[in-house]
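Just the one chain here, the form predicted on its own, laid out as structure tokens.
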């Protein structure tokens, strides 16, 4: 992973492969952003004009390369767009810095060192730039020939080192911002690795083994229930979904505790390591990316480990409901009735609505511990993608104040989210003549119906939120900002922020 350092060195004398500067979109053309004064001076104060001549405008995501001025030890200057210039006396938005740093880091793949001379007005900016660099430099080449060779024919190695100019190496807040960026980004990138792994390698058992290794490394407690324990315990939802696969299901409980913690959060993740749809088989063209259906569990796993690495004064328990949804002679059928871990019965009308079934068991297991709040994360419905697109996740909750708090936390860390309702009239559509409820309801508002289904399995009096990350969990298009093609790690930063706010007493 890219190494992050803080530096007070002047850009001209710094030995690096490139100097990264920011350029904003001003009213009359591109504007050189703060942090690049020394670079601009070396161009006789005409850097903005040179960039405009080269076609740069300062638009977000734009990248322009030009030779460094005479006297610079770095041969290259990379100007990256920050978007609209902020109002006078207003600083640059953290997300704009994060995205710009990500664009530059990705463009500098194959380089040994780059100096980032982006606007730094405090530890928040340091952390945002650091996150952008680490997330933007991410690559997944495990399965490519020669991937361990930096000059492999399949691609370039990630940027090896990023020096953040304007950061203060001896300032405790700046050092803490870098440490936080490293911990969160490393775990988020680990979640991306898991999402990108092919399902023949990342089975429920293999995923559980990854959590056990991480637990040992970071001093976490882990409990793994295999198929025998799940049958004995009455986890009808998880076993119903996983019963059709030779790769048997698992329920993982990963626990981080702090001796001074006053609050307890439970995170629950959908972990369908491959989703064929089961007997209700998905149509052609909808199966190829279904290795990503465990993105919720990956996010929960990453968030718990990140909380441990940050030493947050809050207890965090992660529940990973892991199964593979396959058609076979032992698979659950449309019309079957499952008895869930809570004791409720569910008529399965569609075996491709499986995520809510495994989450139901995990939500009830989490509820039995009486946490202060539960947040579940899942690539749950295509309906949410239709409603919010491919970059925004939906937030539902049984408490409006908590829903607002989760939404604000997501926006704060740069994860687009939107609050969604849980209309009571949609609940009736899940009534069943043979069971307590069905796993399907009205077609219109399907994402909201799924949220209402999950609410049935949250313990009485427990605050709960549901994040449907079906859209942003897996990027099938080209990379943008610090977001790569493939697994994105959506919701990891939101969960970590919720844990931080809870530890600080600012959430509930």
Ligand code: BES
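Residue numbers count along the first chain shown, from 1. Every value quoted in this text rests on a predicted model; they were computed, and no experiment measured them.
What comes next is about the form predicted together with the named molecule, which does not appear here.
Undergrad: Please state whether all three residues 95, 98 and 126 have a non-hydrogen atom within 4.5 angstroms of the named molecule in the predicted bound form.
TA: No, the candidate spot makes no contact with the named molecule.
Undergrad: In the predicted bound form, does residue 192 have a heavy atom within 4.5 Å of the named molecule?
TA: Heavy-atom contact with the named molecule at 4.5 Å: absent for residue 192.
Undergrad: Can residue 421 be called a contact residue for the named molecule in the predicted bound form at 4.5 Å between heavy atoms?
TA: Outside the cut-off, so no.
Undergrad: I'd like to know if residue 156 sits close to the named molecule in the predicted bound form, meaning any non-hydrogen atom pair within 4.5 angstroms.
TA: Flag for residue 156 set to no.
Undergrad: Can you tell me if residue 382 lies within 4.5 angstroms of the named molecule in the predicted bound form, counting non-hydrogen atoms only?
TA: The answer is yes: residue 382 has a heavy atom within 4.5 Å of the named molecule.
Undergrad: Name the residue from 275, 131, 361, 187 that puts a heavy atom within 4.5 Å of the named molecule in the predicted bound form.
TA: Only one option qualifies, and that one is 275.
Undergrad: Heavy atom within 4.5 Å of the named molecule in the predicted bound form: which of 227, 352, 347, 415?
TA: After the contact test, the surviving option is 352.
Undergrad: Exactly one stretch in 395 to 403, 421 to 429, 79 to 87, 287 to 295 has heavy atoms within 4.5 Å of the named molecule in the predicted bound form; which is it?
TA: Contact criterion met by 287 to 295 only.
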